[in-house]
Each structure stands twice: as C-alpha cells, then as structure tokens.
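First, one chain by itself: the form predicted alone, in structure tokens.
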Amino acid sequence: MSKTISVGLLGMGTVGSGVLKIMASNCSNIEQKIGGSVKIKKVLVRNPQKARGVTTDAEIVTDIASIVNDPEVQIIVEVMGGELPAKDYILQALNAGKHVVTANKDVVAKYGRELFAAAEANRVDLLFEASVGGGIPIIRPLKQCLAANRIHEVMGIVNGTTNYMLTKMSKERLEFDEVLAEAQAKGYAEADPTADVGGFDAARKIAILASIAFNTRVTLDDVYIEGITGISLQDIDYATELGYVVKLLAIAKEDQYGVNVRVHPAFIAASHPLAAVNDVFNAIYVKGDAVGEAMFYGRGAGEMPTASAVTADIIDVARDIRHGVSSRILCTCYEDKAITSVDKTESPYYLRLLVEDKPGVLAAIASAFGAQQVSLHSVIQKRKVGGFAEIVLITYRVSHANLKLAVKILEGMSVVSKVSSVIRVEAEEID
C-alpha cells in the first residue's frame, strides 16, 4: 500500500456526518476499491463545542487556511451548503491544487463556469455527483455512461419535499396548507419552504443537468420557474378523473430555438414512469438517440443517500491520484446554445374557471380562445361554487405566449369570475 491520501472535510452537519460514518464503517471495502488507504485528516466546523451524532479521530479546525495550506491534504470535500463562504472555499482549494468534491447545487448552478475554469487551470478534479438527486447516480451517467448519445430530453422529479406534498394531497385528499404543515413537522420542509414549494431548488438542479446534457452553460437565471403553491385538491381530483397525475417537473429539452429549461407543476399521464414516483423519492427520466429511454430512481436527499454520492466521488478522485491522472472529465459545456424563451414553448394546457351559469358563456369563452389560436380539446362542467359554474378546459397543443394572451382576455371578461388554475399537460399532444 502506498501513502495514505488525506482528506479535508468542510462541514460536519447532516451530510458531513454521513460521510464520516460511511468512511469509518466501509473502510476496508473502500481501501480495496482505491488500492490504498484514504482518511479524513481535518474537519472544518463553525462551532467545535456543538454536540454531533458522530465521532471522529480527525482534527477539528475552524480556519479554512489550516486545511487549504496543509500539504498532506489532497482532497477537499465541501458539504457546508449555501453559496458563501462555500464558493470561496472551493475556489481557494482549487487554486491551491487540491481536488474538490462538493454536494452544493447552489454553488455549482451559479458559479460552475468559474469553478470549472479554476479546476482545469490547476489540473485537478471537481466532482459534484451529490449536487443533484442525492444518492441517485445521474451526473456521472450523463457525463460518462451516456456520453455517446445525443440527449433529447431530461425530465425529473428532483425535489422530495414537493413530491411528498403532492403525493399526500392525492392519496389522502388533503389541501396544500395541511400537507405543508405536516412536511414541516416531519422535517421534510424548512420553516421557510420557499426554495422547495417555489420551485427554486428544482431549478438549480435542472440547470446543472441541462448544462451537462446539452453541453452548454445553463444557469438558474435561464430556468423558467413556477412552484406548487397554486395547486389545489380540486386540481388533483380533476387530474385523476382525466387520467393524469400532478407532479412538479424539472424539464430540459433541445428544440428549434435552443435549450428549453423549466420547472413547473404539470399533468402527466398516469401511465408515465414518473407518475409512479411518490413520497420523498426522486426520479430522473432521460431520452437519448442511442440508449432510448432510461430512468434513475431513488432517495433524492437525506444523510446517508447524499453521503453515499459524496463518498463515491472521494473514491473516484483517490483512484485518479493513485494512477497519477486528474481532470479527465471536467466541464463539458463546449457549446454556446441559446435559451428558448418560455413564450415559444408549446404544450396542451388544463384550465379551471369560475364563470356565470347562463346561456352563451361557453360560446364566449370558446371565441376568446379561438381568437388566440387556442383549440379546445374538451370542456367539463360538474359543479357550482358560490353561485358560479366551475368549468374545466383541456386545450390542444398551444404556445405559451398564445395561452397567456387567451387567459388575459378571459380575466377581463364580465362572465368570468376567476381563472382558478392554469397547468401544463406534459404530453406531445392530447389524444
């Protein structure tokens, strides 16, 4: 066995503790896979006195310089979370010639270009498998296993909190506020749940996946985002009746205008593989020209699943060090593709309206849609709400721009009390 490879761990919270546990419990197995020993030499924490659920023989430090400037530390693992100071610490590590492993989706999505340039300039590895999908392998498959493919589409459920909430609403017929309170009580949602229910967490992840899949830099600002705060139990019930399931989807596709990247709730057919992904589980569905369809499924967050992906990256870097290689697969964004405006995207839509219950109303609504080249597939009227008739409409495929104009006209019509919901139907066309 050659000299031990030393690791500096930044953060000893949920994921950091999981890494320490895996490195300790699977030590001999990891050493066999690497062909030598690897150990965590130092751990950076903010408060050394804080009680933690794991013990370690590593030196506990509070100064990043003591890790970055340690000549024995060859790999630095960042599991602190948040943009700053994590981004600065990663950059310091790369510029000091250290290999870096991170689980930080915020940093990778926002500062990827700068960090990958630093890794390439210093000929070191920068791995980030755990930044998307927790323990689900997806970064490495896209970069390596599917490298021979031209990827057409990446679509996934990549936020466990919102998937748990939508599952509860569907299975137990609970309203949004009820399931949010339960998700917070169970620790699935933060006290401020905006990142999850607002779609921002999913948007950061799909920005990373789109960058890899389509070989062009996609940032958070390029992603069109809608959250699930407007989804009601009534929408879920109608979806079930129509043969659909409501999911918060992160979608990236290449179209005639460029790369189309978005996060929003959608109706997907009950027969679609993603429709069966429930509770806190995540899944990412990929279409390639050679492989066809593939789906990656598992726990998208949590201490041990995320730590599993982080530790696998540590093993990968350690193997590179053992064999004297580095930076084999860094940034694959070698193209500069346009980002498709959401107004140019097309899909069928579901709309739920409250309208006056009198003759001629449906004709007036149909005329408003027709004026914007929106064709209606079906119209359903089943109940009354506060003296108004509730109608549900499903359109044929239409551009987002035309649909928006039609909705604006509806909202200004005297016979329309409220446009309650507008949700995409994620399908090429309605049968």
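Heads up, when I say rigid core I mean the largest set of C-alphas that superpose within 1.5 Å between the two forms. Not measured: the values here are computed from a predicted model. One rule holds for the numbers: they count along the sequence shown, beginning at 1.
Keep in mind that the form predicted in complex with a small molecule is missing from the display, and what follows is about it.
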Any chance all of 231, 370 and 394 sit within 4.5 Å of the small molecule in the predicted complex, going by non-hydrogen atoms? no
Answer for residue 116 alone: is it within 4.5 Å of the small molecule in the predicted complex, judged on heavy atom distances? no
Contact label in the predicted complex: residue 264 to the small molecule, heavy atom within 4.5 Å: no
If you check in the predicted complex, is residue 190 within 4.5 Å of the small molecule, heavy atoms only? yes
May I ask you to state whether residue 306 is within 4.5 Å of the small molecule in the predicted complex, using heavy atom distances? yes
Can you tell me which of 75-83, 240-248, 137-145, 331-339 lies within 4.5 Å of the small molecule in the predicted complex, counting heavy atoms only? 75-83
What is the one choice in 98, 217, 87, 105 with a heavy atom within 4.5 Å of the small molecule in the predicted complex? 105
State the residue from 284, 213, 317, 130 whose non-hydrogen atoms include one within 4.5 Å of the small molecule in the predicted complex. 130
Core-superposed comparison between this form and the one not shown, residue 373 Cα displacement 2 Å or beyond: no
